[in-house]
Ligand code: MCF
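This document opens with one chain alone, in C-alpha cells, the form predicted on its own.
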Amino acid sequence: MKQIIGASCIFLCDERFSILENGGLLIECDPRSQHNKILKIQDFKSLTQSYPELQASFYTDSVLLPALSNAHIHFEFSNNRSHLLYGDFPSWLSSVITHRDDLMTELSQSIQREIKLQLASGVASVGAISSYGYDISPLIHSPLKVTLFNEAIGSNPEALDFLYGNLLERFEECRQYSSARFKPALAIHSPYSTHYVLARKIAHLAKHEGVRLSCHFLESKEEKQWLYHQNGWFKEFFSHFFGVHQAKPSMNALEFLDLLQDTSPLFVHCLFADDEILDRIAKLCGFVACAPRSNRLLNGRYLDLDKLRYFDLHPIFSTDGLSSNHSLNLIEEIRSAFFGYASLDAMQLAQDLILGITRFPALALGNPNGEIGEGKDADLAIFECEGIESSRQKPLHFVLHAHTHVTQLYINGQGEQTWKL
C-alpha cells in the first residue's frame, strides 16, 4: 500500500538543510509492515500525475518535515508541578531527594498525559530515561518509537550488586518487548552519582549487547568541582542525605570517559564541559543533548553552541522531564531556546534548532528517521505555519510561527489525526 502526501514546504533535514517547495512524498503505508519507507521525493504535482490511482493529500500553508525526536525525556517525573525548587542545582537536587517518593506515586495518568502530548506535538521517537521502570508498560503500549534507557544510579559500594541486579531485571523485561518500535538501552545516571564499578559494568553490558548508552554529564558547577577537585557542595550532600562522611568521587571526569569507549554515548547537558572534555566526546563519536529550559531553571545558563560547533558536535535539543520544565512540548522548547541564544545568527540558529529535534537525535538514538530521504522510515510530521509559502526565511518563521500541535503525524507510514488533550 502506498500514498502521496505533500505540503507547501518540505524540510528535508539533510546536511544542507534542503527545502522543497510544493513538494510531495511517495510513502509506504502498509498497516501489516513494521518498516514502511519513503519511496520517492518530488514535486507534488508530478507525483500525482505519475501515480493517479493513489490517495494524495496536500497541506497548504504548512511544513512537512521528519517527525520529531525527543532524545532525553523523563516520563517518570510527570507528577511534578510545584514540589521542586528551581534557581540553582543544589536546591533542586535536594528537593528531588526530599520529594522523590511523593513524585513516584500514582504515575499512570500523568505518564499517559505526557505520552499524548509528545504525539500531539509531532514527536514520533523518544529517548526515555527510566529510573524505576514505571514508564516501561505505558511506553510499550504507546504509538511512540521508544529507546528505553534503563538507568542505574548509586554510589554505595555495599549496594552495587543489588543495584546492578535491579538494572538487569528491568533491562531483561524490556528485551522481551524488543521490536521496531521499542528498543532497550542503558543509562548511567552520572559520574557523581554512580560508582565506578557499577558504571564500568553498565558500559561493558552496553558494548556486549550493542545497545545505546546515555548519561548526564557535567550539568552543574558543583558536579565539576566534585569530579575535578573532590570537594565542594557534594561532600555535604552525601553526608546530609546518605550519611556518608568524608565522601569522595569514585572517578574523575576523564576516567568516566575512558569507560565509554566504543559506545557512541549520548551525553546530556555538558554545560560545564571544557575543551578537553568536548574533544574527548568527539573522539568517542559521542552526541551532546541539551534541555534549554531545564538548564535555565537549574543552572542559569545555556550550552555553548559555538564551542560545540568547533569540535564538530551537533547539538540535540530535548525537553528533559517535568522535574525541570513546565511543558514537554518540543516545539515550545526550541522556540524558547531561540530567544535564549540572543547573540547567535538567527537563521543559522533556526536551522540548528530544527536539525536538533530531527536529524541529530535520530542519529544519536540509532533510528533510520530524522531525515526525509528515499529509504528512510516514513515518520513524518505536518505543522500548519501561516505565511510559510511566501516566507524568505522559512526555518526561522517555522520556529516562530509553527503551531505547537501537529496537523498530522505519520509513524511508520500510519497517519493519525491530532491528539486532542
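Note that the structure is predicted; figures quoted are calculated from it, not measured. Position 1 is the first residue in the sequence shown; the rest follow in order.
Same protein, other form: the form predicted in complex with the named molecule, not shown, and the subject of what follows.
So which of M251, L284, L163, V96 gets a non-hydrogen atom within 4.5 Å of the named molecule in the model of the complex? None of the other options qualify; the answer is V96.
Identify which of L107, L85, I153, V197 has a heavy atom within 4.5 Å of the named molecule in the model of the complex; exactly one of them does. So the residue touching the named molecule in the model of the complex, by this definition, is I153.
With the distance limit set at 4.5 angstroms and only heavy atoms considered, check whether L298, D320 and S323 all reach the named molecule in the model of the complex. Every residue of the spot touches the named molecule in the model of the complex.
Quick one: is F77 in contact with the named molecule in the model of the complex, heavy atoms, 4.5 Å cut-off? Judged by the heavy-atom cut-off of 4.5 Å, F77 is in contact with the named molecule in the model of the complex.
Against the named molecule in the model of the complex, would S131 count as a contact residue? Criterion: heavy atoms within 4.5 Å. S131 belongs to the contact set for the named molecule.
Residue contact check: E114 to the named molecule in the model of the complex, 4.5 Å heavy atom: Outside the cut-off, so no.
Quick one: does R100 come within 4.5 Å of the named molecule in the model of the complex, counting heavy atoms only? Heavy-atom contact with the named molecule at 4.5 Å: present for R100.
For the chain seen here without its partner, which of 120-128, 164-172, 215-223, 256-264 has a heavy atom within 4.5 Å of the named molecule in the model of the complex? So the stretch in question is 215-223.
Output the sequence-ordered list of residues from 239-271 with at least one heavy atom within 4.5 Å of the named molecule in the model of the complex. Contacts from 239-271: just H269.
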